[in-house]
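This document opens with one chain alone, in structure tokens, the form predicted alone.
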Amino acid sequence: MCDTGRIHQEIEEGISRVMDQGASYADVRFHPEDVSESLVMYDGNLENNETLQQSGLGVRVLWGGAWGFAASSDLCRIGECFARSLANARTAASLVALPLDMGRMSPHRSAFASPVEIDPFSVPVGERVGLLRRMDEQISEDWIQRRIVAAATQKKTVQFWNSEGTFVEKKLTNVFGTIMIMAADKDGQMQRRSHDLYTRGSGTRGWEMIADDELFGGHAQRVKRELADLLPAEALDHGRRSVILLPGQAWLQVHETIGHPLELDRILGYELSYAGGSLVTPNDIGTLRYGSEKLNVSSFGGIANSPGSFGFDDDGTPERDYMLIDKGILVNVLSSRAMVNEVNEVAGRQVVRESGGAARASSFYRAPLERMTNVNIVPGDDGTLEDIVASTEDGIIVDTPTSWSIGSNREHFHFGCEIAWEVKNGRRTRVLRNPTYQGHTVEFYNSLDAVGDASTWRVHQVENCGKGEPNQIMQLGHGVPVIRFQNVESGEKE
């Protein structure tokens, strides 16, 4: 086992060595601690108890305008990792059409830690399972056919060095939770109702979140009541109507049709072979009317209580608070340092001024990609859910995704939801099952005509956003209020 002091010294020596050999930039991410645990209760039984621990380091070298990357969990052979990374960069440089450039960033020494009251890994497993079992008892009824209660915890330390003299240490903690119940409706079709642990946007990120009834366990009775209402309900008829998205559905709408298409590597075509591209082109940045004047979207790294808050990205760039869409106009994108130079070259002008701090890697053995941070719709001035319902003549309120289908460039979409409530002449009337809605992204957001106030805004935690080849699973957050769209095609044609 190599001691920490020796590891740090070899990292610094390795960076100096590859720079002396002609690299234009180099960085290292060392993960001395990276642990995650998943607990799943299925119908009252502990179905899954899985713990994953890993440690190692990843080395990136920029040489001749091309990246080389290598990683190792053998911390006694760090020099070999640098040599492989440099060799990979030299090989890749022969294929480069547009050389990458990291630009310049002032060196800094910084630290970030997720705010935590109770380290989730300090809580005995028996105590954690006991809490989930008590939650399972709260959702158990004879008429409920399936029950799931799950909790996932993560803790990670990342130390980052680069050839500019920057050193950053991050200590990140995440906690996720889900309750779900299922039963057959009057036609024998399985229906479900669920609740995910959410955040208020402030507070702490430890085990205390799971234990907070307002955020998690206290929703058991509501979930049971709403599932009971679903079982005898009629299905949503096809038609065009107003659609009101609660935060439990709005987060995925934002995730799939704003967050992903604004990732700069997608805009430049790097994800086409796997996760798709983007409806946005480089020259759309600063000019495209993405939505109505009601649409204001931020990348807001300052949300304390979110898995999308990490202090510094994996380029060492401080996480920023900035607008992506301002009064409906696309003004910025999710970016990393190297991609800023490339998109400006492709556009033939400066369309992105600086990195958005969105370079993120899921582990030490994966290279950073452009990933969502906290992509949020800024609260508006159209009041509460009740205020928005009162001004709706013919519409539905929908919550919680069950299915989704997204165009390869995020240009159109189709969502299925767990539940809908009909709205007629400013009043909720009845519950409807199997609700769906669909649209074309830009047309849809231009139909946005109501955005709820801060009282309707909450942060939904995303535990498993996948992207990249090889695939990387990332965690992030979306702060969203209640939002309403007009003349939306909803319900399925017979």
Partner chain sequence: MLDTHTREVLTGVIDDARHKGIQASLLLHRERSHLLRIGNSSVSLNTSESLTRLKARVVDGRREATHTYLGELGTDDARETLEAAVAKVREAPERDFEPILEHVDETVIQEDQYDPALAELDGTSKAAGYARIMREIGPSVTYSGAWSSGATETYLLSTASEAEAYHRCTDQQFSVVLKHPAAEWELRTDDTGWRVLDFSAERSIAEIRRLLPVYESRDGIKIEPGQYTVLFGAQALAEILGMALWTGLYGRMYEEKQGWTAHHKEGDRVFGANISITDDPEDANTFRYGFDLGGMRRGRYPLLEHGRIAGFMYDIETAAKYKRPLTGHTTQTMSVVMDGGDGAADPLAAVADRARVLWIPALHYMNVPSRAKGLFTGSSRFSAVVVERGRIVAPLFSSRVTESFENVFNNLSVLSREQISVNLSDTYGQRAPVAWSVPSYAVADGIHITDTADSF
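Positions refer to the first chain, counted from 1. On a predicted model such as this, the values are computed, not experimentally measured, just so you know.
There is another form of this protein, the form predicted together with its partner chain, and it is not shown here; the text below is about that form.
Of the candidates A390, C76, A113, A304, C76 is the one whose heavy atoms come within 4.5 Å of its partner chain in the predicted complex; the others do not.
A heavy atom within 4.5 Å of its partner chain in the predicted complex is found for exactly one of G311, P379, G276, G383: G276. E411 belongs to the set of residues with a heavy atom inside 4.5 Å of its partner chain in the predicted complex. Mapping the unseen interface onto this chain, Q472 counts among the residues with a heavy atom inside 4.5 Å of its partner chain in the predicted complex.
Looking at A450, you'd find every heavy atom of it more than 4.5 angstroms from its partner chain in the predicted complex. When contacts are judged by a 4.5 Å heavy atom cut-off, E50 counts as touching its partner chain in the predicted complex. In short, of 312-320, 243-251, 118-126, 150-158 it is 118-126 that has heavy atoms within 4.5 Å of its partner chain in the predicted complex.
Along 97-120, a non-hydrogen atom within 4.5 Å of its partner chain in the predicted complex is carried by A97, L98, in order along the sequence.
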